[in-house]
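Just the one chain here, laid out as structure tokens, in the form predicted on its own.
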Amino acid sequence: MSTFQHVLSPAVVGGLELKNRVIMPPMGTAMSTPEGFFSERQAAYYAERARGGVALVVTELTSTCTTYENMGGLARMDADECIPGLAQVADAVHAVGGLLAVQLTPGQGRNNPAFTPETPPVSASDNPSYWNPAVLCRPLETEEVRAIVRSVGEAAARCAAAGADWIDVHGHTGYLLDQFLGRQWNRRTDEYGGSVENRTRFATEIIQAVKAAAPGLPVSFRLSVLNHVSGGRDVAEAQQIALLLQEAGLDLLMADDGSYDAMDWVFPPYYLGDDCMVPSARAMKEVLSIPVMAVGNLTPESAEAVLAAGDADFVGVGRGHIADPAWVGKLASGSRADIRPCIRCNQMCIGNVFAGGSLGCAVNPEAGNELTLSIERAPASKRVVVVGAGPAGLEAARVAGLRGHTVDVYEQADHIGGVLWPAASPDFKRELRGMVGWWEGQLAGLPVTVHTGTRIDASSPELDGADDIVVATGSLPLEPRIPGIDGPNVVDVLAAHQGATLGHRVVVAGGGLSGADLALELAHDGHDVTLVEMADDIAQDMLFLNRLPLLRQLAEADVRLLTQHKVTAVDASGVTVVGPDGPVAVEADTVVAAFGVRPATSLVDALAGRSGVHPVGDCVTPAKVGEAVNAGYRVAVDL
């Protein structure tokens, strides 16, 4: 029996019955056709989430007008020729019992990267472009604003013709509509500027246009309650805006936070913790009579608590549905432990899209690849040996087991998880550690046997008779030739994560992701921490939007950063570093070596020439968790 009674309870919004309180909010996929039409790939992606039980699937932001902006890369609904593509998405979602909403955007404004000297970005006022502050936006003329309002209504009518069940208006995170709402961006003197009511007029006219053009379809609006930028609105003003939206006929408000100028709030990484935007939903609930949806790093347990407390009427679970499309269905069946955790890394969902690719997932390789990747039963069962129980090895074992192979996993440590175990020791990374428990639970029901405390070399009898050997032996720490680096006051970064005894004053030597995360964890635990990095900046191997809260929290925790400094010696009193101004002595009780890693290739080299050997993960090239998981999946799906 499920204990998630509030999450799973049905509801009605705008006359539409929803089977539970979970909505998959809009997230970019970059899977549209080159013409901007919804694609078969998107249809499969959205249908898989609908099949998993979510009450409502909302598409990514979809352009309604290309007259004033180049909206390349986005899905479009600005012409009738766009209807068939969306219709195939709606049909696919409906075929599995789901409901589909389309998020319509009137524009990107200053957030639009696709501008030229001939066609500068547009905005409410002459705001600097987010991507190039030296470029000023062209303020939209009053009649142009009205034309955009009409375009949204026309797009809504096309959505209805395509079979959409709901329209969502994209009004958040500092995009064009938010630029009209925000006093920091709107300095207009016409009917769309000045008072809160005037600044909200663009939004209320859009809601009314959608209602008129697509009668009977519920309309939601996604509002960033707090933009987290200087001069931005406060909660009181957000409440005023929300009330005006409600008066315009809105059926549901999606409450979140952030803007491109505070990017980490748009895509909250693990540093922001659970339920980071729930206060904004709670503030909207205080004044609205229509339903409110909360978002922001919600877990099943916290989603239930938010609904039970009355802080929101619905919960939006976005990246959680990328990681596990059956998020809701598993709760309904009482299988909470089977939900694959979203590790909030942003690496292959948001990161891929920002890098010019399409959506993927660090922990779910099938996300975005529903048409091409699936786990099928193998034509014949093999004996597969996996050496190493880190993320690549565990995923390879899981997939091989699902395909019907008999799998033995050998791990020289006394526990599984590989580098995840120590790396996920900070509380803010508990979802990452949750992956270890998830794999453990999945393997328990498969023909997979895990042997811990077992070291494997090329002559080990455990390899005898194996049809395929997956080598996932991970990496080894780099050991620079620094005097004193082998001293008793020096601890490896992984040992530090695992609870090695450390003094009060700690120098972390190496400012990559592992060293920076440890520095933050130690500072939270009360240590006096100095982070030394020879490059110009720390954590340069991180996705940029994840670095923002890391740097902010390191500053708040008073971690001393010594960039452009190289450790040249270690002694009992601490370290000597050399920077632009010469040598500096940094006193420390403990020095943590976090200089990076190199592939652990000894077994790969020893097995060279043997058939059926598949090196995978860090023993090939040290990388992030997502690369390891995806590589393990792809090796095993072809065995």
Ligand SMILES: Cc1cc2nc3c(=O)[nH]c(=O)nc-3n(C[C@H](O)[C@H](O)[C@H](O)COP(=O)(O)O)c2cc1C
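Just so it is clear, the structure is predicted and the values come from calculations on it, not from any experiment. All residue numbers are counted from 1 along the displayed sequence.
Keep in mind that the form predicted in complex with the ligand is missing from the display, and what follows is about it.
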query = Counting only heavy atoms and a 4.5 Å cutoff, which of 36-44, 56-64, 571-579, 606-614 contacts the ligand in the model of the complex?
reply = 56-64
remark   = The one option of Leu522, Ala124, Met284, Val317 with any heavy atom within 4.5 Å of the ligand in the model of the complex is Val317
query = What is the one choice in Gly368, Pro268, Gly510, Pro106 with a heavy atom within 4.5 Å of the ligand in the model of the complex?
reply = Pro268
task = Evaluate Gly28 for contact with the ligand in the model of the complex, applying a 4.5 angstroms cut-off between non-hydrogen atoms, and reply yes or no.
result = yes
request  = Using a 4.5 Å heavy atom cut-off, state whether Arg199 contacts the ligand in the model of the complex.
outcome  = no
message = So in the model of the complex, is the ligand close enough to Arg222 to count as touching (4.5 Å, heavy atoms)?
response = yes
Interface membership of His170, the ligand in the model of the complex, 4.5 Å heavy atom rule = yes
key: Heavy atom within 4.5 Å of the ligand in the model of the complex - qualifying residues of 510-529   = none
